[in-house]
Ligand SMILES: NC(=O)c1ccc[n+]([C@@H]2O[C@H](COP(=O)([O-])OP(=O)(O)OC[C@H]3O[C@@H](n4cnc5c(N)ncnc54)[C@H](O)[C@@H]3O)[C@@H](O)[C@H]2O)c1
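Presented as C-alpha cells, the chain that follows is alone, the form predicted alone.
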C-alpha cells in the first residue's frame, strides 16, 4: 500500500485512521480529503500536518476533487453525513448527494485506478421497526436483550449480519445500504477488492459530539463544560442502550484488514463494542460524573423520537472468527480517555463543545 486515500479524512474517524496508518506505515503516502463542513474538523489540520498526512480540501460530491487527490492503492471511505436524523423535517439532498452519489464517485475513482476499498457503513442499515420489535427486559439501569429472539440474526449477543433488511431505516441508513449494494457490484464487475464494516457507535478523543451523532462525547463534554442534557424517549429514564467502540479499536481492525485484503475481500462485517462494551444513557451519566468529577441535572422527555431504537448491540462473531479481532477498550476506558482529552484540550474545544 504505497498510497492510502482517506475520504472524510479530517473528520473524527478519518483523521484518526490517517494518523494511525501513517504512524504504522511511515513509508506510505497517506492523503486525507475532506470538505471541512463539520465544525471542529479544522482542528485536525495541524494534527494531520504534524503526523505527515497530506491534506486535500475537497468534496466527494465533486469528481474533480477526487482527481486532485490522485490515484491510490487503497481508498478508505469515511466521508458521510452521519446524522440518522438527516432529512427529517427538511431536504434530503445533502445526505443523498454525499452518502450515495459521493460514494459512487469514490468507487469510480477506485475503478479508474484499481484501488482496493474499505467502506465504513453503519449499523443503521438495519430497519427501525425490526430493531424496535426485539424482545428485551428492563433492569435497574438499562434495557437488556432477551437471549431468545424471534428474528434471525438476533440474540442476546446482539445483531448479526443475517438480520432482516426489509423495512425503512432512515435516509442515512438507506444511503449507506445502497452504497453497500453498489460496492458489491463494483467488486463483481471490475474486480475491486472491497470490505464493508457496518460500524456501531464509534467514539473517542477528537470527536465533536452532537445530539444526533457522537453522544458519548456530547455527554462527557456537557458534564465537563456544563450545559443541558435530556433523556429522550422510552419513558425518559435513560435506559436505552448502545454498544460503543473506541476509535483505536477500529484502527486496529483496519490494520488487520489491510494486511488481509485478499482473503477478506467481498465480505461484510458488523463491527462494534458488542455486549461487553455497551452502555445505557443512565450508566453513561454515572461514568461521566466519575471521570469529570462534575454533576449536572439531566432532564427527561418520555416521548420517543423518530428513528430511535431501544437497544442496539453488535454481534461481532463473524469479524472475530475471521480475524481474531475483538474490542480491547471498555466503556470505562472510553469515558476516561474522553474526559482526559477534554481537560487537555479545553481551550481549543471550548467554543465547539461547551
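Owing to the predicted nature of the structure, the values given are computational and were not obtained by experimental measurement. Residue numbers count along the first chain shown, from 1.
We do not show the form predicted in complex with this ligand, though everything after this point is about it.
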Residue 10, heavy atom within 4.5 angstroms of this ligand in the model of the complex: yes
Taking heavy atoms and a 4.5 Å cut-off, does residue 94 contact this ligand in the model of the complex? yes
Given that the partner is absent here, does residue 326 sit within 4.5 Å of this ligand in the model of the complex, heavy atoms only? no
Find out whether any non-hydrogen atom of residue 311 is located within 4.5 angstroms of this ligand in the model of the complex, and reply yes or no. no
Give a yes or no on whether each residue among 134, 158 and 240 has a heavy atom within 4.5 Å of this ligand in the model of the complex. no
Which pick from 179, 79, 278, 257 sits with a heavy atom within 4.5 Å of this ligand in the model of the complex? 79
Of the options 105, 115, 98, 149, which one has a non-hydrogen atom that comes within 4.5 Å of this ligand in the model of the complex? 98
At 4.5 Å between heavy atoms, only one of the stretches 194-202, 230-238, 84-92, 141-149 reaches this ligand in the model of the complex; which one is it? 194-202
What residues in 33-58 sit within 4.5 Å of this ligand in the model of the complex, counting heavy atoms only? 33, 34, 35, 36, 37, 38, 41, 58
